[in-house]
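Just the one chain here, the form predicted alone, laid out as structure tokens.
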């Protein structure tokens, strides 16, 4: 007897051609724009006007430079996440690692200003190195817990975000508060030689150069080094890695360190390139947005650059939308969230097929 209800099964696809994958991603991104337009209309705001403001960011040279600058921390964190996700290490802690990078970079400036321990020409170099190490160690902690004790990295990386954010709050409200800052929770203003733009005249130019260099290094690491090969094998199958003589723990911890280190450098770019000092809630969610960018770019280092600039442009557009259309910044965050949800849906459709049959 035939059932009145269909039998629905989900079957994994064995292989998806690159062109099909790109086409599916494009379709779902267009669908996200359509849904966002509907939401804007329901809010009583013209979707055409809203998208016009967003488009102006990428056509106006000055606004485009701002989009590049705001996309810099997103792109650096996303490049780090692309390494972790290749290993099937689900690092959700880029936001916390970014804050640890901000902490380390500010600490170097304070050591220079108050203790004179670092020479002026080396300040920005030590800021980058300290940020990389601080973010890397913060992520490596979760990687070690997973490798040695099987602790779920989603939980540890996510919870450590709040630890890092509150730790930075403690510093700027307490011992690192600027004594000449009229009691505001801010660190001292960074000197010019500790700011991005000191060499090329614009932090946006230096930021874009930094993104290109890091993307090149990440691509080279994952494609042309033994370590990158080991990390990819670990991501594909830990059992195969074990039989091939690859140390799962070593690859995971080193990969986690590099992933968190790049997120730490993203934190450096926030305090050195965008703000010029440390303050509470310095990141509007760059680390979380980096997760969207990494998936949107299919973990490809070169695609991460335009994707991060696009989301940086959305942040800039958010400021313009608030001023011109009287929409709250939450409306732009809703737009980002819709894109993320449709990207996830697109990834599901690329990896699985839904089979409906009747019995």
Partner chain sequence: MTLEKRLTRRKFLGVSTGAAAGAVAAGAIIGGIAGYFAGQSTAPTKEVTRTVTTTVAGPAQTVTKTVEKPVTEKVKAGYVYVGPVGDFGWTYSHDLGRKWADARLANVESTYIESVPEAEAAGAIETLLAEGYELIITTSFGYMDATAEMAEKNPDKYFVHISGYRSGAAGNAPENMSAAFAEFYQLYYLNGLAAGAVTKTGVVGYVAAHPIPEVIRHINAFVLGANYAYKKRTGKNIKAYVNWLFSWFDPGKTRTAAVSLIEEKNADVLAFTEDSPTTLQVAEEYTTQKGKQVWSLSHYGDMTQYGPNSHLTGQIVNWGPLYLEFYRMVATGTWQSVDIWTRIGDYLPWRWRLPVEKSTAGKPEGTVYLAPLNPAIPSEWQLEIKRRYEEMKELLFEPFSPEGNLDQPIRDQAGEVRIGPGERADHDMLWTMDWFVEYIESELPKV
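Numbering follows the first chain given and starts at 1. The term rigid core refers to the most C-alpha atoms you can superpose between the two forms while keeping them within 1.5 Å. Just so we're clear, the structure is a prediction, and the values are computed from it rather than from any experiment.
If you look for the form predicted together with the partner chain, you will not find it shown, but the lines that follow are about it.
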Is residue 286 a contact residue for the partner chain in the predicted bound form, using a 4.5 Å heavy atom cut-off?
-> yes
Can you check whether residue 86 is within 4.5 Å of the partner chain in the predicted bound form, heavy atom basis?
-> no
Would you please decide whether residue 121 lies within 4.5 angstroms of the partner chain in the predicted bound form, comparing each non-hydrogen atom pair?
-> no
Do residue 183 and the partner chain share at least one heavy atom pair within 4.5 Å in the predicted bound form?
-> yes
Among the candidate residues 42, 34, 323, 26, which is the single one with a non-hydrogen atom no more than 4.5 Å from the partner chain in the predicted bound form?
-> 323
Considering the partner chain in the predicted bound form, find the one stretch among 26 to 34, 298 to 306, 43 to 51, 66 to 74 with heavy atoms no farther than 4.5 Å from it.
-> 66 to 74
Quick one: which residues from 277 to 307 get a non-hydrogen atom within 4.5 Å of the partner chain in the predicted bound form?
-> 277, 279, 282, 284, 286
Rigid core fitted, then: does residue 321 show a CA shift of 2 angstroms or greater between the shown form and the other one?
-> yes
C-alpha of residue 63 off by 2 Å or more between the shown form and the other one on rigid core = no
